[in-house]
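For reference, the chain that follows is the form predicted on its own, supplied as structure tokens.
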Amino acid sequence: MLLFNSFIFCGFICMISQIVLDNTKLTPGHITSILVVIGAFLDSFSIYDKIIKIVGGGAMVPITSFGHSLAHGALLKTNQYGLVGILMGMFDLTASGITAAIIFSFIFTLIFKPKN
């Protein structure tokens, strides 16, 4: 049942994103940013953690999870370090994903030629 819930959750986010993309003038960058903000907003009220308990790993796949990680890390470190903890926490939980994106994009730019 957990696999089914994960599939439905990810599919629902993709479906909503595609509907917004098809019916508005928003670009994929706008939609991605909106989904990150929605994930951070849901984490601010501990709603995203409840979704993770129900859906499992499927909630950690979409871009909303990045917003969740940013907000979750910032809130955790703010309690320990105050205002400086906001930036420390944001980069603490998301550093591996950001680093992987930078490294892989560098490797792929060495291998492939971009089209004009």
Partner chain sequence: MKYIVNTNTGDYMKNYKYETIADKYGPDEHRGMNAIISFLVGGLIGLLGEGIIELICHFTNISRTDASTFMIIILIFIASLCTALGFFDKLVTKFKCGILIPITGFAHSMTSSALEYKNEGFIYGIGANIFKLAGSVILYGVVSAWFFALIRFLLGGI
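Just so it is clear, the structure is predicted and the values come from calculations on it, not from any experiment. Positions refer to the first chain, counted from 1. Here, rigid core means the biggest group of C-alpha atoms that superpose within 1.5 Å across both forms.
Below: the form predicted together with the partner chain, not depicted.
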{"property": "4.5 Å heavy atom contact, Gly89 and the partner chain in the predicted complex", "result": "no"}
{"property": "Interface membership of Leu70, the partner chain in the predicted complex, 4.5 Å heavy atom rule", "result": "yes"}
{"property": "4.5 Å heavy atom contact, Leu35 to the partner chain in the predicted complex", "result": "yes"}
{"property": "Partner contact for Ile51 in the predicted complex: the partner chain, 4.5 angstroms, heavy atom", "result": "no"}
{"property": "Residues within 4.5 Å of the partner chain in the predicted complex, restricted to 32 to 49 and counted by heavy atom", "result": "Thr32, Ser33, Leu35, Val36, Val37, Ala40, Phe41, Asp43, Ser44, Phe45, Ser46"}
{"property": "Core-superposed comparison between this form and the one not shown, Gly82 Cα displacement 2 Å or beyond", "result": "yes"}
